[in-house]
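In structure tokens, the next block holds one chain alone, the form predicted alone.
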């Protein structure tokens, strides 16, 4: 199978010259939120599909174990949405069982016409069991101007820390660019991985220019990339950046981009969440190494 390049890195010299803000070699990488300088762990966790388990006690226990392992490894961003079925309630159950552990950066979305946005946000808050969210995002640009009005008013009133707007599956990039230029939120969320690289052309450089934090969804293409790459050996030079597995390879490529604040792989396996979090340790690839990584995957 050959993975073709979706995009080439345009303007990479300027974009990749900016330093990635993080910790020492013995600590997990964190990235700073441009709006405030607040650090956040570079590897978070998503909940699309994986946490949509309803009331099944065994599957809920799996999700609680994943959340426990996530916080044991340093915690960080947990992302969900009203679109994700029972995921919000499952997260709330896990947080309550774990005693609302320190290190949570809570991120959810509003996914409805703006007139009903406040009611949906109130229900989301109840499901999570939090006092306020760190980040609320307009999901897939739905009624984005009016919903962003709501989020900005919440932030001004001290009921929300950060605002955001999301896209997924590489869609609606032109509209997202318009939002980033005309009314930049604190965060944008978009699809970015080693083969879905169109955002390198304009959106990631624009995020750096505008001081917008970036969350990357679908870092593994819902598991397709690690499953395919498992049939190929890692290149020997991967050890230069502390990589011993393909998921680490894929995540290091993403989180080493200076515009990226966090990646949010989703999983319901404790070993996978630990492997994902381990990608934030050790040396990070520079611009030349990132090109080498992408070219290697393209050649397979």
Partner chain sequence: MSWTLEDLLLFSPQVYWRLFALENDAVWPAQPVVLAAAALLALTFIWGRRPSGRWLGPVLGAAWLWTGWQFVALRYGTVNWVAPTLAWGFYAEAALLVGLGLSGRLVFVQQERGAWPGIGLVAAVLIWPVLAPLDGRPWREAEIIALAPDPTAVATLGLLALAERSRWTALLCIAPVLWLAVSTLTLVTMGAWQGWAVLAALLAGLAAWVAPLVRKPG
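Here the structure is a predicted model, which is why all the values come from computation and not from measurement. Positions refer to the first chain, counted from 1.
Separately, the form predicted in complex with its partner chain exists; it is not shown, and the next lines address it.
Peer 1: When you measure heavy atoms, are 49, 55 and 140 every one within 4.5 angstroms of its partner chain in the model of the complex?
Peer 2: Judged in the model of the complex, 49, 55 and 140 all sit within 4.5 Å of its partner chain.
Peer 1: Counting only non-hydrogen atoms, which stretch in 68-76, 144-152, 221-229, 128-136 is within 4.5 Å of its partner chain in the model of the complex?
Peer 2: Residues of 221-229 come within 4.5 Å of the partner.
Peer 1: Consider the chain as shown here, without its partner, and state which of 208, 83, 112, 160 has a heavy atom within 4.5 Å of its partner chain in the model of the complex.
Peer 2: Residue within 4.5 Å of the partner: 83.
Peer 1: Taking its partner chain as it sits in the model of the complex, is residue 268 in contact with it (heavy atom to heavy atom, 4.5 Å or less)?
Peer 2: Yes, residue 268 sits close enough to its partner chain in the model of the complex that at least one of its heavy atoms falls within 4.5 Å.
Peer 1: Even though its partner chain is not shown here, does residue 100 get within 4.5 Å of it in the model of the complex, heavy atoms only?
Peer 2: No, no contact at 4.5 Å.
Peer 1: Hey, in the model of the complex, does residue 59 get a heavy atom within 4.5 angstroms of its partner chain?
Peer 2: Residue 59 belongs to the contact set for its partner chain.
Peer 1: Closest heavy atom of residue 171 to its partner chain in the model of the complex, within 4.5 Å or not?
Peer 2: So residue 171 counts as contacting its partner chain.
Peer 1: Who in 184-211 is close to its partner chain in the model of the complex, meaning a heavy atom within 4.5 Å?
Peer 2: Contacting residue: only 196.
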